[in-house]
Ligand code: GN1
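What follows is one chain in structure tokens, specifically the form predicted alone.
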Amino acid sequence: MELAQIAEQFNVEGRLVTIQAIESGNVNDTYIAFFRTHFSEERVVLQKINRRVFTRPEWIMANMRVVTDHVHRRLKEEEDTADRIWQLPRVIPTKAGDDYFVDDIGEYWRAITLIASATSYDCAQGAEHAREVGMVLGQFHRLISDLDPHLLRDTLPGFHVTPKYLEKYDATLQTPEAAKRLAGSIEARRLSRFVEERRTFVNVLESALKRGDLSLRNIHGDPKVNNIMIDNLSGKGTCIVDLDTVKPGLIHYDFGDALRSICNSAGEEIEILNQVIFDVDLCESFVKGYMGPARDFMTDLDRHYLYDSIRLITFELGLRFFQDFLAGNVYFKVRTEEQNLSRARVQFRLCESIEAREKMIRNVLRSASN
């Protein structure tokens, strides 16, 4: 089936004039479809959902429909008192009224509205940008805080449940491939010791959930800095995008992952480890932004585990990279055999930087929460 025929299945006013591929994005195939009438133009995001990652695309779309309908209703209720026009993409139905279209070879397609006149960035642009990123995530968490988590499907079981990744790592250690790679790399053996020294810490959030200290809520799942849109005209945050990983979980994984992303300006692929530093100033700006809207739903116990979330999610990603290296690079895309090993080194170095700055980070969290 031609791409144009797929785009025309969706209920968009006007005539389709062109479709452009978007190269960014690591999971779904993404395009911008341009529709024109005699007096306007509408651009929509057209995506083919990656079924290797999301085995139940219909669950993805059901979650997206529940979340976007809920958020749009709340935004409408609050628009007269809001300091800006907050946004979230809308699911565009097919002409048959469905939330997605299945083509003749069984691929799932969706169309969503484009957040126009807004830009996302791969790294922090400064303190004000970090503050706006924090505010957008806090606002998103606030808006979905009263949405029953049981209304959403768990589209990625085990995703951001750190003990599960440790179990997978332990299973990988028993394989001949892992033994070979450990024997052949001094650096791999050093990283394995790094993991062993932090085993007792891995259960910190999940144990708190079991004790009732923390509650299951709805999370974004991938709140990295380049999923936050900044309005080109005002410079203020306007929305969070990429809702594929929205699911029930602990908001602490979102909070920690956002800070892991925005406070390491060196990035995830840097080779010079002494450039990998957790920027406490950017952390402070982000937390001040986040806590504005988050005060509506955060408990004292939620705040108690915020530092742990930053340290843990950074360790988790390093563990995932390292496990994949030991398994033979079967999950993350790589250009070289040791790329996942290098990625793990960066995250573990960032984890060390977070640990070294624990007192400063806790002071930031304490002062921003008051």
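The shown structure was predicted, so the numbers you read here are calculated from the model rather than taken from an experiment. Throughout, rigid core stands for the largest set of C-alpha atoms superposing within 1.5 Å between the two forms. For every residue, the number given is its place in the sequence shown, counted from 1.
Absent from the display: the form predicted in complex with this ligand. The rest refers to it.
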item	value
One residue of Thr162, Gln87, Ser285, Thr245 in contact with this ligand, assessed in the predicted bound form (non-hydrogen atom, 4.5 angstroms)	Thr245
Contact assignment for this ligand in the predicted bound form, among Asp99, Glu268, Glu206, Glu107, heavy atom within 4.5 Å	Glu268
4.5 Å heavy atom contact, His72 and this ligand in the predicted bound form	no
Interface membership of Thr238, this ligand in the predicted bound form, 4.5 Å heavy atom rule	no
This ligand contact at Phe325 in the predicted bound form, heavy atom, 4.5 Å	no
4.5 angstroms heavy atom contact with this ligand in the predicted bound form for Arg345	no
Stretch from 114-122, 218-226, 173-181, 141-149 whose residues place a heavy atom within 4.5 Å of this ligand in the predicted bound form	218-226
Contact set, 308-330 vs this ligand in the predicted bound form - heavy atom within 4.5 angstroms	Leu317, Arg320, Phe321
Shift of Glu316 between the shown form and the other one at or above 2 Å (CA, core fit)	no
Core-aligned CA displacement of Asn63 at least 2 Å between the shown form and the other one	no
